[in-house]
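Here we start with a single chain on its own, the form predicted on its own, put down as structure tokens.
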């Protein structure tokens, strides 16, 4: 397993995969990132992050069935692992704690 640090883009990808649940594959992840964050990530950036997150043990991949619409190619689906869920929870706790230390900040 690689280092356990979670970058901001990796965090977004983990969150989107959590939102997509069992339907998280490359194109759906990119579409959801664009819709939820108003970003336009490149395919290469997303796949690089997915590979890193699998290496870190935060995601596991599985291969779907081949379809005629994809000319026989199979989709690769991604699922959060328990380590991935824990990384998201720890990141949220750290962010909340740091926000609580900032004086005179409001959510208005």
Partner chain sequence: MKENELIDPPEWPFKLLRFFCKEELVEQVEGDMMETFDYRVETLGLSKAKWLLYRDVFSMLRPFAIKGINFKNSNNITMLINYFKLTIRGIKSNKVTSAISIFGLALAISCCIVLFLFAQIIINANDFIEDADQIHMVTSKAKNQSGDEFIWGKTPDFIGSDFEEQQDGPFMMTRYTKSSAVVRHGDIVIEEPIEYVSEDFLNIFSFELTDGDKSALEKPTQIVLSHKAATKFFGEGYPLNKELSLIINGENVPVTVGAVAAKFPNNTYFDFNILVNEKLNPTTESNAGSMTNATFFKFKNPSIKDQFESSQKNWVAMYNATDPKYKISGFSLIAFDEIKNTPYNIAGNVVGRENISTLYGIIFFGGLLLFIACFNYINIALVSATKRLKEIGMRKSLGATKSQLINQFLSENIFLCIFSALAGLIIAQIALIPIFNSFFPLDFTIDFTSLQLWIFLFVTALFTGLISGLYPAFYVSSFNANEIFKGSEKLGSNKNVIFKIFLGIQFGFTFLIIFSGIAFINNSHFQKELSWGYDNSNLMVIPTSNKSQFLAFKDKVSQYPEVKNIATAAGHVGNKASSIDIVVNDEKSPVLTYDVSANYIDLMELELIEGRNFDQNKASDFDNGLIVNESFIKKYMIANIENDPVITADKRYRILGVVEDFHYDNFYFPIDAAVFRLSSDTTNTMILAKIEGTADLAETRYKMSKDWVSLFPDYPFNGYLQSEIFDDYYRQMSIPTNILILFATISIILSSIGLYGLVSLALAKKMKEISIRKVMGATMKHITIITNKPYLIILSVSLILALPVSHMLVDGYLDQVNAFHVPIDLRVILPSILLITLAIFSTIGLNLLKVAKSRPAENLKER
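Residue numbers count along the first chain shown, from 1. Source: prediction; values computed, not measured.
Keep in mind the form predicted in complex with its partner chain is missing from the figure; the text below concerns it.
Contact check at 4.5 Å (heavy atoms) against its partner chain in the predicted bound form: all three of 34, 43 and 48 pass. By the criterion of a heavy atom within 4.5 Å, residue 75 is counted among the residues contacting its partner chain in the predicted bound form. Interface residue remark: residue 82 is not counted as part of the site for its partner chain in the predicted bound form, having no heavy atom within 4.5 Å. For residue 57, no non-hydrogen atom is located within 4.5 Å of its partner chain in the predicted bound form, even though that partner is not displayed.
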